[in-house]
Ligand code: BGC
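Encoded as structure tokens, the following chain is the form predicted alone, with no partner shown.
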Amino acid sequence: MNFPHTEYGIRRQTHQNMLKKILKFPQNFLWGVSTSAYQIEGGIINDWSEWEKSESKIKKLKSENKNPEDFICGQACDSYNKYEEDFDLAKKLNCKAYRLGIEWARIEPIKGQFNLVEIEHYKKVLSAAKKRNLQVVLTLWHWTNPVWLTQLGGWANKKVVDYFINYVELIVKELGQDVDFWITLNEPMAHIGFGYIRGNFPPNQKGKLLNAIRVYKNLVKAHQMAYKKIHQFLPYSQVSFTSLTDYFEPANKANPFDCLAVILARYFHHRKFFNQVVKSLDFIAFDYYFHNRLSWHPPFKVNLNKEINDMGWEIYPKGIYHVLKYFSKFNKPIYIMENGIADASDCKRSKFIIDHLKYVYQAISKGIDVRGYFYWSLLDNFEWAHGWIPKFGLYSVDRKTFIRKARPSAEVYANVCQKNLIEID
């Protein structure tokens, strides 16, 4: 029985606090939150917005008894207009950094014609972040494409690299002075896997292996050339891409076929791309959400799922340590650019954050050069093919009024960022 307000209760609570272990992070550790342009800005016309309204997409959703309106981004979180409020929320979290995106379709809505009004808008956005002493992590491409590019074959078109570099050069010249870290591409292998293998993201080319290979080669080249272009104009820039890096392990470690399945999964999921661009990286940036126990035979994925999020994804904090250990061999600074949980009730988020940070701290204590952690996401936002149902935000967002409201977990993360430490039992 608890007696929190009695003298005994106070002494007991004090004793419990003394038993907690304090894990202090390095002095200049970079705490932040991540967002992406399409998911929060609103009012964007691109390949995703057109796909959401397509007849085939709506027909599929209705056949699954889902409301198509729940899968339309529309005005998103209206962050196009509310960006200053969003930066203020990040400051309330005691964050030192904010990751945001530039929407290519806004900048170049027509091939070869750049919208200077939108350039000026993004100048105001970045200036507002800098006025609040937020370090800016700028993502140049986060899966979405201008409609004209899609009509020309998207990332399967060999000319796409030239188009992308023209866009990158403009952004660097016009906005580069207010950018601290550059992310050229977000999770390129996810775009290939979901867009050209599974076919459940635009351009919905299920099983198009040849196109997938073309897209892969173009994305590799796009990053390499963007890296050079950014350094050409801003020699001391910090440039990388984000890798969606799952932690795979064999369902049966004694089974060589299960072990082979893991080797192949790791290679094609993230290592192949990473190995080709590692010489064009100033730091390593990765996103961690998934742990998968693999078997060589159906059902292939045999997770224990002792604890899951609202989307059925297994919660496995220890996996982030294994991913950090893998990346440490490249001897580059490491930033965790996304780590978050779909948790509408907010009953698991605080523990999720602390549990993952415990393993981040463990990696640092082993000498791994981890320099920052960004929670995904600041706001409940449009979660791609999953629509509006998943709630990843430290702040909820009313879809009609766009009012932001802090969840209890926001205070927990704010305390972590302010004190630069976590407490564990």
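Because the structure is predicted, anything quoted here is derived from the model rather than measured. A residue's number is simply how far along the shown sequence it sits, counting from 1.
One more form of this protein should be noted, the form predicted together with ligand BGC, which is absent from this view; the next part is about it.
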Contact flag, E383 vs ligand BGC in the predicted bound form, heavy atom cut 4.5 Å: yes
4.5 Å heavy atom contact, W143 and ligand BGC in the predicted bound form: yes
Non-hydrogen atom contact W104 with ligand BGC in the predicted bound form at 4.5 angstroms: no
Ligand BGC contact in the predicted bound form: N186, any heavy atom under 4.5 Å: yes
Stretch from 347 to 355, 326 to 334, 106 to 114, 285 to 293 whose residues place a heavy atom within 4.5 Å of ligand BGC in the predicted bound form: 285 to 293
Contact assignment for ligand BGC in the predicted bound form, among F300, W148, Y80, W313, heavy atom within 4.5 Å: W313
Proximity to ligand BGC in the predicted bound form, single hit among W376, W31, Y395, W48 (heavy atom within 4.5 Å): W376
Sequence-ordered residues of 148 to 183 touching ligand BGC in the predicted bound form, heavy atom within 4.5 Å: none
